[in-house]
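Taking the form predicted on its own, here's one chain by itself in C-alpha cells.
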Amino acid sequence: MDVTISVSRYNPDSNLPGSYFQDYQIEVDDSSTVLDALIKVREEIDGSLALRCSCRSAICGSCAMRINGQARLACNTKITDILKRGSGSVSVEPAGNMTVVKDLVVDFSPFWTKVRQIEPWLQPNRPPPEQEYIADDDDMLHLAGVMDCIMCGACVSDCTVLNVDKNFLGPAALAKAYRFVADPRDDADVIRLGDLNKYGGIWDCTRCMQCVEVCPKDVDPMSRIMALRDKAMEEGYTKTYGARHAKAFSDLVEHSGWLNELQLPIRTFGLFNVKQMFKLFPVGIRSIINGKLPPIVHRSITGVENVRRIFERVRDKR
C-alpha cells in the first residue's frame, strides 16, 4: 500500500524560520502503524528525522504525537484506520502545548514540573505499621483506572485550557493528584485539595473532554478533575468562583428544572462585584444582538417536581 506521510519538520540549527511540512512517499503493509512508517522514513529515506519511541507496545508512552490533528500513540495507530479520505495521506506533528525541540520531539520539562507540583507520593500522617500500609481491594480497584496512566502527555497535548493558559496544571497532573487524594493510605487530602483549589487548579478545566477522547489508556482525566472538585467542596473549599458557580448551577436547576442564566453570574460573583459584572457586559450585549437573552421572568418547567426528586435521591446516596 502506497501512502504519503506528511511530517512537520523543525530544526533549531536550520536557517529556515519556523516549522514546515515535508512529504514522504512510502510503501507499507496493511498492518503497519504510523510509528512503523516513521521509522521506515528515518531508516530508509531521511536519517535526519527526529522522533521518540521505545516499547512499540503502547506501554512507555514516548511516541505520543498529533496524527491528523489529534494526539495519539504512533505505535498503536494503524495507518489504514486513519488515512484521510481520498488523499492516501497521514499528517504527523509534534505533541501540542509543549516546546518543539526538533521535528517530532518536544520538551517535557514543563509536563514533569506540573506533575511534581502536586507532590505525587503518599503522605501518611499516622504511626508507621509493622510491615506495610494496607489498602482494601475495593479502594485499589477504584484507583486502578487512574493508575493506568503512562504519562504519555497526549491529554496535555490537546488540552484546550493549556492552549491559552500555561499556568493550568493540566489533565495529567490533576489525574495523578486524584490518585493520591483517593488513596486511603494518604492523609494529606485537606492540604492537597487546598492547593488544587487555587488558580491553575481544578476549577480551570472547561470540561471540553479532549483529554478523555485522546487518552490511550482510558484514564478519563476529566472525571478525576470533577471528582476532585466534589471532594474540595466537601472539605469546605467553597469560596472560589468555581465552587460558587457549581453550587449556584445545581441550586437553580433544582429550583425550576432548568438553568436561570440571569441569576447564575449574580450568584457566582455577587451582585456588587463590579469588576466581574463589567467583564460580562460585552457578553450580555452580544446575547441581545443575537436574540439569545434569557427570559427576564424565569418560570419553572412542567414536572419540576421530578427534577427535584432526582436531586433528593442523589443527596440520599451520599
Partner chain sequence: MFEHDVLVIGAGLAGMRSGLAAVNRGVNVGVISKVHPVRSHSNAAQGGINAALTDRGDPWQDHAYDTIKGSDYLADQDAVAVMCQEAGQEVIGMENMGTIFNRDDSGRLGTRKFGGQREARTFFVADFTGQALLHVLYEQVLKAGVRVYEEWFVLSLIVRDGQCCGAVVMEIRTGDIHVIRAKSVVMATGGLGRVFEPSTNALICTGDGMALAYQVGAPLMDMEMVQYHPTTLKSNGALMSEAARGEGGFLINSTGERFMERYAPNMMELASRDVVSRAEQTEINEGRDVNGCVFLDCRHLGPKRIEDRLSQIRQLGIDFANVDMVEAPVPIRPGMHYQMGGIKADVDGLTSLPGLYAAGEVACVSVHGGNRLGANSLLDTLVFGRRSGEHAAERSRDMVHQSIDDNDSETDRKSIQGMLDREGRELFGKIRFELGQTMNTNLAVFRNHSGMEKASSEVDRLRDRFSKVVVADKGKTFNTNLLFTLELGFMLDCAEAIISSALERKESRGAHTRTDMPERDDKNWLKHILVNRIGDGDREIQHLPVVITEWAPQVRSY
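Numbering follows the first chain given and starts at 1. As the structure is a computational prediction, the values presented were derived from the model and not from experiment.
If you look for the form predicted together with the partner chain, you will not find it shown, but the lines that follow are about it.
Partner contacts here mean any heavy atom within 4.5 Å of the partner chain in the model of the complex, and among 159 to 167, 206 to 214, 221 to 229, 118 to 126 they occur only in 118 to 126.
This chain is drawn without the partner chain; in the model of the complex, the residue among I82, V190, M233, I150 with a heavy atom within 4.5 Å of it is I150. Screening A50, L293, I67, L252 for any heavy atom within 4.5 Å of the partner chain in the model of the complex leaves a single hit, A50. Taken together, the three residues S57, K78 and F108 all come within 4.5 Å of the partner chain in the model of the complex, as judged by their closest heavy atom. Contact check for W112: a heavy atom falls within 4.5 Å of the partner chain in the model of the complex.
For the chain shown alone, R72 is not a contact residue for the partner chain in the model of the complex, no non-hydrogen atom being within 4.5 angstroms. Contact between G18 and the partner chain in the model of the complex is not found at the 4.5 Å heavy atom cutoff. At a distance threshold of 4.5 angstroms between non-hydrogen atoms, I39 is in contact with the partner chain in the model of the complex. Residues are counted as partner-facing when one of their heavy atoms sits within 4.5 Å of the partner chain in the model of the complex; in 127 to 142 these are P129, Q131, E132, Y133, I134, A135, D136, D137, M140, L141, in sequence order.
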